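Consider the single chain below, provided in structure tokens and representing the form predicted on its own.
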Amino acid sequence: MPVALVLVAVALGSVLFHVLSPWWFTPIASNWQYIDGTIIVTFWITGIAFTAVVLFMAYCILRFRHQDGRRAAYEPESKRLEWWLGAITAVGVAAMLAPGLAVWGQFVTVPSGASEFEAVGQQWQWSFRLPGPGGRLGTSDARFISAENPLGLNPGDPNGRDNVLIVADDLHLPVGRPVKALLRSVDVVHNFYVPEFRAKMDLMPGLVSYFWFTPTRIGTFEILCAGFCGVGHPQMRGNIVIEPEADYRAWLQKQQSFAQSSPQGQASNAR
């Protein structure tokens, strides 16, 4: 009886904690409210399953507890029970996966006309690159990384000469404009995560991952690394500043391009 009561208390306490506690999502600052809806659906399905399993365990402990003169019934297999459990599990998993797959399709389908930026992760800081007046990002390669060229831009690519570099500093973006985030790592696996944007994606060495979002609220939002990347992982943080278009343009005019900030870029520009 005490064990059964403890299990019932665990189930009820978990439900009350979820409903009454102050924890919840941070205020959303992008167009990805769909992700909140998907998480809520997942909470409902997993919460119902968890509560049902715990209460069933409590029932079994109470109903089939040892009593003098009672013998256990040996039933190693039950086809009917297996079919029921398999069907219920399949329906539950499908119900969790379907909303996520639908949102994922939107998450990686970039609308036409979206601007873009590149976020570069390295132990243990965030750096960024924006297209210049030419509107295109140049190519990059880890072989080009040096103290003068920390992001590894290709000095021979003319599209990269006017690219704006923000090394270990805040990234600014205009509010209300869709933007594609290109994600690249120069060393180990990192994860680009801005809680208010519901934006989260791994950075894999040798690959370029991406997603898109539209900032909907002016403010400064913290970038976290959500993938363990070494001893400095907790300190790998940055900021995205969302501001009106005019303020963004004024900030952009003050930034240096690859050709202006790097001897390699200056040399390629001279050629």
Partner chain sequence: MADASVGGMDAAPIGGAHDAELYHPRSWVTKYVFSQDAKVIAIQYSVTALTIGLVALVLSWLMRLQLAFPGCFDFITAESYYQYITMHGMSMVVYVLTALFLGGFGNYLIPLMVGARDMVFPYANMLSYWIYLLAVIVLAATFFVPGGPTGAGWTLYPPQAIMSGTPGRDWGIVLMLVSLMLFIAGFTMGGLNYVVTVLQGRARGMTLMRLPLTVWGILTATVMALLAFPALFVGAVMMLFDRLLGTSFFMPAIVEAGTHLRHGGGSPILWQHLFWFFGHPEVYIVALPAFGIVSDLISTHARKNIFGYRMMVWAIVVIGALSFAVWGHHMYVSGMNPTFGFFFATTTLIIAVPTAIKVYNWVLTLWRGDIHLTVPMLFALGFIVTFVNGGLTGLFLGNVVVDVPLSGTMFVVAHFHMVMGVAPILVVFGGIYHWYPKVTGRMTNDVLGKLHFWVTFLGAYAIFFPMHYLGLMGVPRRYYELGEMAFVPPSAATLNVFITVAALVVGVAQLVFVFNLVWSLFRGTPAGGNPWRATTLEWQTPQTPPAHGNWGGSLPVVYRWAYDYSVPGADQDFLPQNQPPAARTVPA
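Positions refer to the first chain, counted from 1. Superpose the two forms; the largest set of C-alphas matching within 1.5 Å is the rigid core. Computed from a predicted model, the values in this text were never measured in an experiment.
One more form of this protein, predicted in complex with its partner chain, exists but is not displayed; see below.
Visitor: Just one of M96, L182, V175, A114 has a heavy atom within 4.5 angstroms of its partner chain in the predicted bound form, so which one?
Guide: Looking at M96, L182, V175, A114 one by one, just M96 meets the 4.5 Å heavy-atom criterion.
Visitor: Hey, in the predicted bound form, is Q260 touching its partner chain, heavy atoms inside 4.5 Å?
Guide: No, Q260 sits far enough from its partner chain in the predicted bound form that none of its heavy atoms falls within 4.5 Å.
Visitor: Since only the chain is shown here, I'm wondering whether R198 would be in contact with its partner chain in the predicted bound form (any heavy atom pair within 4.5 Å).
Guide: Residue-level check for R198: yes, a contact with its partner chain.
Visitor: I'd like to know whether D187 contacts its partner chain in the predicted bound form, with contact meaning heavy atoms within 4.5 angstroms.
Guide: Contact with its partner chain, yes.
Visitor: Does any part of P133 reach within 4.5 Å of its partner chain in the predicted bound form? Heavy atoms only, please.
Guide: Result no; P133 lies far from its partner chain in the predicted bound form.
Visitor: Heavy atoms within 4.5 Å of its partner chain in the predicted bound form is the criterion; list the residues of 195-214 that meet it.
Guide: Read in sequence order, the residues that approach its partner chain (within 4.5 Å, in the predicted bound form) are P195, E196, R198, A199, K200, M201, D202, M204, P205, G206, L207, S209, Y210.
Visitor: Does V241 count as moved between this form and the one not shown, where moved means a C-alpha shift of 2 angstroms or more after fitting the rigid core?
Guide: Where the cores coincide, V241 shows only a C-alpha shift between this form and the one not shown that is less than 2 Å.
Visitor: Once you line up the core, how about S78: does its CA shift reach 2 Å between this form and the one not shown?
Guide: It does shift by 2 Å or more.
Visitor: Taking the rigid core as reference, does the Cα of S14 move 2 Å or more between this form and the one not shown?
Guide: Shift at S14: 2 Å or more after core fit.
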